[in-house]
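The data below hold one chain only, encoded as C-alpha cells and taken in the form predicted alone.
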C-alpha cells in the first residue's frame, strides 16, 4: 500500500476546512447564535406566545435580554420566569403571570427591573416625579422589542407624549424645538429617571440646561438682562408657542409685563397708531421685531454702551 504524507501547510488548510464545515453545519437558533430560543423554559412559553398570539414575545430573542452567554440576562437563568415569576397557575390555565409589570403598584415590577438595572442613571429614581406618580418601567420601556422605542431619539418623543398631553399639543405649534423632526429628544433636556432640578431637568437649573445648546446666551455679560439670566422660561415656552422664538407673548406686550414706564411713555402700546392711520408714532414699537428693533441684545451684552441692550 502506498502511503502519502501530507505537507504541513496542507494539513493546516484541511483542518480549517473541517472546522468551517462543522461551524456551518451547527444548528442556529431562531434569533441567531447565543440566544435563548432553545431554552426549555422559553420553549414552554412559546407554545402559546408565538408571533400570532395576542401577546407575542419572540422578538425578545433579538434583544440583550436573550443572550444566554451573558449570565446576567434572564435567558441564562430561568428564561421568562426570571422576570415574570414561576407563574405556575398561568401555565395551567388563563391566570395572569405572577408579575405582569402592569400592577396597580408599579414598584412590584420596577423592583424586578432594578434587580439588574441599578446603574448610575437610577441613583435619583427614588423621590423622582415618575416614581411618585407610580410610573412603571414598562410604561415607557418595551423589553420584548428588538429596538426599544424610548431608547431611539426619533421614536422616544412619541412614547413621552402618550402621557404628557400638554407637551404634545405645544409641539405642533408653529414655533417649537424640533423634537418631532427627530433632531432632538426629550431626554436631551429631561432625565426621566430623576434629576436634581425642576421637571427632572438634566442640569440643576433651567438656564444651565438651555445653555448646553444656546451657549451664546450663557454670559456672563457686562450688562445682564435679569429675566434672561434668571430663568429662560420667564419669556420662552420651551415646548412650543404661536409666537416667534417660542415667546410666551408677542412683543411689545411681553416686554410690557415688566417694563411699563421706564424710559418710555407710561402708556402701554396697544396697536393703535400703525401706518395707514393718522398718527403713525407707534409703528416703531409695534412692527417688525418691535422692542427688539432697538433693544437687539435683549439677552445681555458686553458693549460698553449697551446699558439699554441696544448694542
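Predicted model, so just to flag it, every value in this text is computed and none were measured. Positions refer to the first chain, counted from 1.
Not on display, but discussed next: the form predicted together with ligand HEC.
Proximity of residue 245 to ligand HEC in the predicted complex: non-hydrogen atoms within 4.5 Å are present. Shown alone here, residue 48 lies within 4.5 Å of ligand HEC in the predicted complex, counting heavy atoms only. When ligand HEC is considered in the predicted complex, residue 199 lines it closely, a heavy atom lying within 4.5 Å. Looking at residue 241, you'd find every heavy atom of it more than 4.5 angstroms from ligand HEC in the predicted complex. Residues are counted as partner-facing when one of their heavy atoms sits within 4.5 Å of ligand HEC in the predicted complex; in 186 to 213 these are 186, 187, 188, 189, 190, 192, 193, 199, 200, 201, 206, 207, 209, 210, 211, 212, 213, in sequence order.
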